[in-house]
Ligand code: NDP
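Single chain ahead, written as structure tokens, the form predicted on its own.
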């Protein structure tokens, strides 16, 4: 990072939420930014906000062709590829007995295999620059909250990937970080298990969540410091630390909390996914 040359960051899922906010934060710092998502119109809008150093790649991380498409695209980019964000994500919520295999497959296609395709498509460039691969994980990668089995499973899987990459760093030639944010105010909260946007009424409760811009700024600063594991708030850090030392206690606490508030939780999930409760 000390060399005087152009630096490039790649961000999947860059058309909204944390991905879009990260793109703007890196552009502000003078980086070349590669924006990747499926929606061209949204990417072009974000690219305009980022300025002349932004390039877009309209692609779907769930497609087998994505790995080669990314590798080919990056060969044409100027500067060294220092950071790659596997940020594209999907949500899945509902009672485990109401969810079907397709709900799990859709989720894993994005949140697990999409991360792997991003890694494989960028790893050659990352090795050359001794860069960093950053996985956007979740608190759900540590604590299996109710009504989110596919999401919990996927986030546990990519945290395991992050830990494996950390262990293999001496031979891989690049480093890895995993970001474990709590609730973030993104459109993911209003999408159903098929990825379709749902119009929510005024009776949908307000959820205390960090703004994407604040989340991106904190992630940017901590990644530059070389943090391997990144939390965005002190309460998230404390909760995970508590679970590490007292896993039976925190698991039982989650179960008790769900028992007390299951009706409200099911109602909330049902507003987005009525067939899954």
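Residue numbers count along the first chain shown, from 1. Remember, predicted model here, so these are calculated numbers, not experimental data.
Not on display, but discussed next: the form predicted together with the named molecule.
Q: Of the options 131, 89, 94, 154, which one has a non-hydrogen atom that comes within 4.5 Å of the named molecule in the predicted complex?
A: Only one option qualifies, and that one is 89.
Q: Just to be sure I understand the contacts: of 228, 214, 38, 221, which is the one whose heavy atoms reach within 4.5 angstroms of the named molecule in the predicted complex?
A: So the residue touching the named molecule in the predicted complex, by this definition, is 38.
Q: Counting only non-hydrogen atoms, which stretch in 60-68, 47-55, 27-35, 237-245 is within 4.5 Å of the named molecule in the predicted complex?
A: Within 4.5 Å of the partner lies stretch 60-68.
Q: For residue 177, is any heavy atom within 4.5 Å of the named molecule in the predicted complex, or not?
A: Flag for residue 177 set to no.
Q: Under a 4.5 Å heavy atom criterion, is residue 10 part of the interface with the named molecule in the predicted complex?
A: Residue-level check for residue 10: no, no contact with the named molecule.
Q: Just checking whether residue 136 would be counted as a contact of the named molecule in the predicted complex - the rule being heavy atoms within 4.5 angstroms.
A: The answer is yes: residue 136 has a heavy atom within 4.5 Å of the named molecule.
Q: Against the named molecule in the predicted complex, would residue 148 count as a contact residue? Criterion: heavy atoms within 4.5 Å.
A: Taking the distances in the predicted complex, the answer for residue 148 is no, it never comes within 4.5 Å of the named molecule.
Q: Given the named molecule in the predicted complex, answer whether the residues 183, 188 and 191 all have a heavy atom inside 4.5 Å of it.
A: Checked in the predicted complex: all three residues contact the named molecule.
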